[in-house]
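A lone chain, given as structure tokens: the form predicted on its own.
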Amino acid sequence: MAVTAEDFGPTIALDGARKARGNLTQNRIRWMVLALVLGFGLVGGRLVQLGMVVPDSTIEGQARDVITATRPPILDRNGLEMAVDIRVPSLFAEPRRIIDVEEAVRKLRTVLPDLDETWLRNRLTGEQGFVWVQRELSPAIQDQVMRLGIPGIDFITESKRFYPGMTEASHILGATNIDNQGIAGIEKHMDGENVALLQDLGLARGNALAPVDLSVDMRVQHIMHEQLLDAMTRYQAIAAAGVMMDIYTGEIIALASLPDFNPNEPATALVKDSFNRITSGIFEPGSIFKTVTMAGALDSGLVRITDQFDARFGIRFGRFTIDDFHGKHRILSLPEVYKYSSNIGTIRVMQAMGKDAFRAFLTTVGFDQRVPFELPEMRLPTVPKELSEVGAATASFGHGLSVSPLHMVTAYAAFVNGGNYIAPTLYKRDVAEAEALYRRVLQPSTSESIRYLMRLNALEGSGSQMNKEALGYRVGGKTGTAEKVVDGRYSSSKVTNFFASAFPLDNPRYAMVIMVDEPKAESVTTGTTAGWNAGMVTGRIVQRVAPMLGIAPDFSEILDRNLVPPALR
């Protein structure tokens, strides 16, 4: 039987369809493989690209370690916290991760309405890695922002400085900026020592930094600050300041200057005249400088405590005559010159010493250089390198030169501690450490004479009002009423008043200088000279702080008699 082509027709058709389907399947597989290869290629390329990108770990140029760095706590000499770090949230954005900028702006302003809309929109737009939106927020605000659920918005925890004492020790502590870096006071000094370095190295995190112990006693600081505030009101003064120092160690126990500021709000430091008058203010010291003249003259050996000086007439220099404020116009003994604060007698004392020797003594006590001290807010005193006859005369009673109250308290400390100059410090220092730094400026016998003169002035001279306020704590010191220069002339109505003191003078331990600027009379029965204001502030402070410092009152006259030099008994 013959085989015809018709017999195979359907079979050929079936084979062609199967082959066509097979080809289609193969093509699909090829496309799938190609798609997978392309997909993996894109993913791989992206991964390579991402791997080559340097991650941005900073926020507007600041490393995270620096942002989160802490500062060491600052404690007073009794362990009371004066400055601590607290943790606060700060809001930042990653603009390149924000999907809808307009929506983010609208939502954020519902919680932070003070943010300027245009400013915020610009902040959130672009390809920047991290930008600040607002720093140092409260936890409540942080919670509200987190509830908004905006992609690309997050928080970082920063350290913020907090000062529990508010204004009380502001001029000691200074302040920090928003980056927790010291910008004034001991905070700035600490950065210069080692805190800034530790922060840069990322070692200042958490509670790793040891506390910094200051010499300040916050109990005494509180009393001094309170009494200076009272003086501002009581005497309608434009400013008041005070400093107390341990005469053997140089430790500053208290230091305050008003007007002051709240270091928790550094912008308040911009208040007019809120500078630190104790360290960066220089003033004509007035008659508290007579103690310097007496110390130098007695120590020279050319003047004795038993000497007498002619104060019957004013001293003439060319067209000018220098006279006494309340002149006795008679021969005065040296203690009387001091007690009556005689300008004439003090000039005679200086002249007996010699003006060149007097000028050299000013250098010995450090009056022509900055006091070595931790606070950066310091000014150079203005003391002429050479003194003319009239320049030496006026300088002997505290005119024609300007020094800081810190200079004066440091000098007074040396005058009553046996004659050893010790630089003041805000850090704790024991007597043994201090003794290694002593520089002798007076003989011990001269120091004893100065103690006697200071106590004499409290009992019988211009310090008597102070002595009444001090209630038996045996304070001694010298008043200083310095007329201000107004329009090139000394003004009798505008004065800067000082009282420089030490206590207890039978066994001295502390020196103090109080300043009241442009005081008014408290009542019609009082005056504006230093004894009525700076002196009385001193007495009130001593009566409050002496018990805290372990000093007992004693009205026994034998203590004062023991201060009288043998030559005068």
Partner chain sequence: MIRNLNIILIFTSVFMLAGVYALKFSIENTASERTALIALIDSQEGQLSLVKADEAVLSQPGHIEPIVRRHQVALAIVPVKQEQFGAFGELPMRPVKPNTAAMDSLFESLEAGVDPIDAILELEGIE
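Note that the structure is predicted; figures quoted are calculated from it, not measured. Numbering follows the first chain given and starts at 1.
Although not depicted, the form predicted together with the partner chain is the subject of the following passage.
Only one listed stretch (537-545, 497-505, 518-526, 34-42) carries heavy atoms within 4.5 Å of the partner chain in the model of the complex, and that stretch is 537-545. Interface membership of residue 165, defined by any non-hydrogen atom within 4.5 Å of the partner chain in the model of the complex, is confirmed. In the model of the complex, the partner chain stays beyond 4.5 Å of every heavy atom belonging to residue 368. In the model of the complex, residue 321 stays away from the partner chain, with no heavy atom inside 4.5 Å.
Shown alone here, residue 157 lies within 4.5 Å of the partner chain in the model of the complex, counting heavy atoms only.
With the partner removed from view, the residue among 97, 329, 440, 87 that has a non-hydrogen atom within 4.5 Å of the partner chain in the model of the complex turns out to be 87. In summary, among the residues 103, 433, 81, 213, the only one with a non-hydrogen atom within 4.5 Å of the partner chain in the model of the complex is 81. Taking a 4.5 Å heavy atom cutoff to the partner chain in the model of the complex, the contacting residues in 469-489 are 469, 470, 471, 473.
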